[in-house]
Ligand code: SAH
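Only one chain comes next, encoded as C-alpha cells, the form predicted alone.
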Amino acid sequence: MNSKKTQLKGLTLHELEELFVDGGLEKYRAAQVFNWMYNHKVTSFHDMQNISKTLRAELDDKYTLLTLEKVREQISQENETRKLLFKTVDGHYIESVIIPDDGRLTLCVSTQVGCPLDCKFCATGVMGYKKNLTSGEIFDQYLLAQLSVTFPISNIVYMGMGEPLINYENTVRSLSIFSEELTTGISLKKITVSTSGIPHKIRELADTGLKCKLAFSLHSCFEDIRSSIMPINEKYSLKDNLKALQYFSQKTGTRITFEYVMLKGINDRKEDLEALKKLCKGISSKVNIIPFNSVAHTNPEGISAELQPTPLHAIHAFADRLRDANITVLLRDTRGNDIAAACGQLAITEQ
C-alpha cells in the first residue's frame, strides 16, 4: 500500500486530467472522478460505481479524497443555525456555519486557520494565523456540511475564518471547481466572497472571469476610524479599495455588498450615515448592516474589549435613512449567538 497518497480533492478538472494522463490513465477518467467527488459528494473511491473494481482499488492505493474530519456539530436553540467543527489532516481546527433563512440554507466557509488581520470586532483574529486552507479543505466544508442536513445548501459565503484574498490561489481554485458544469449543486451566482480589502487581488479576481459576488468589509467610510478597527486599512487604504471595487463591479456586472457592523459611537453617527450615503451613490452597491456580536468568549483586550453594539432601535433608524436615499439595505438578523456562531464570533478556543 502507498504510504503517501496524493490528495485529489481540490484539483480542478484540468489539473485532474493532467495528473491522470501523466499517471498512465485515460483522460476521461478524470471527468468521472471529478463528477463523483464534487457532484455526487462521495468520500470513497469504492462508491464510484461506473469505474471498475480494479481501477477503484488502484485509485485508492495512490490517491486520497478526504481533507477534513467532522469533530462536532452544535445546533442553536434559537433558530437551528448549525456550527460545525472540522479537523484537518495535519491537526488544525476550523469552523463552518449553516444558516437557515426563509427557505434557504447558507453555508459560511473558512479559508484560513485563524486570521492575520486582527479586526477588532472579530473573534477569529484573537486566534492568530496558523495556515491557509487548501482548495480541497475549502470545498470539503461544503461537502461535509451538505451531508449534515437534509435540504440542499443554496448559497455559500466565504465569510468564515480568514481573509480569502490572502489565500487567493486556493480561493480561486475552489471557485473554479464550483464553476465547472460537472459541479451542479451551486452556481457562482450563489457564492459570495468577502474581503477586508486587498485592491490588487480584487482586480485579479475580477479578471479571472469567475462571476461570483463580492462583499467588502467596510465598517467605516473614514480612513482613520477604519484603521483603528481594521489595521489592514493602514496598508491598503479605503480610497484604493474603492477604486478596485468599482473595477470589479464594472468588469463582472455585479453589485458590491458593503458589510457594515454597527458599533456604538464609532460608526453609527450622523456623519457616518451621510458618508455612507455618498459612497453608495458612487458605486453599484447594497449595504448589509450587521449588529455587533460579542467576542467576549475569546477574552479580548484593548479596543476589542471596549466595543459595544449600537442599540437595535438606532440600527433600524440608520437603515431607514439609507433606504430613504434609495439605497438597498439588508438588515441581518443575529443567528447562532447562543453557540458563538454569529457573524464575527468564529474562533477555536478549545477542542
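Remember, it's a predicted structure, so these values are computed and weren't measured experimentally. One-based numbering along the sequence shown.
There is another form of the same protein, the form predicted together with the ligand; it is not shown, and what comes next is about it.
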If you check Q32, S304, T64, N293 against the ligand in the model of the complex, which one has a heavy atom within 4.5 Å? N293
Single option in S217, T81, N167, N241 placed near the ligand in the model of the complex, where near means a heavy atom within 4.5 Å: S217
Non-hydrogen atom contact S174 with the ligand in the model of the complex at 4.5 angstroms: no
Using a 4.5 angstroms cut-off on non-hydrogen atoms, would F139 count as touching the ligand in the model of the complex? no
Taking any heavy atom pair closer than or equal to 4.5 Å as contact, tell me whether S96 reaches the ligand in the model of the complex. no
In the model of the complex, does C122 have a heavy atom within 4.5 Å of the ligand? yes
Just one of 182-190, 272-280, 99-107, 254-262 has heavy atoms within 4.5 Å of the ligand in the model of the complex; which? 254-262
In the model of the complex: members of 156-186 within 4.5 Å of the ligand, any heavy atom: Y158, M159, G160, G162, E163, P164
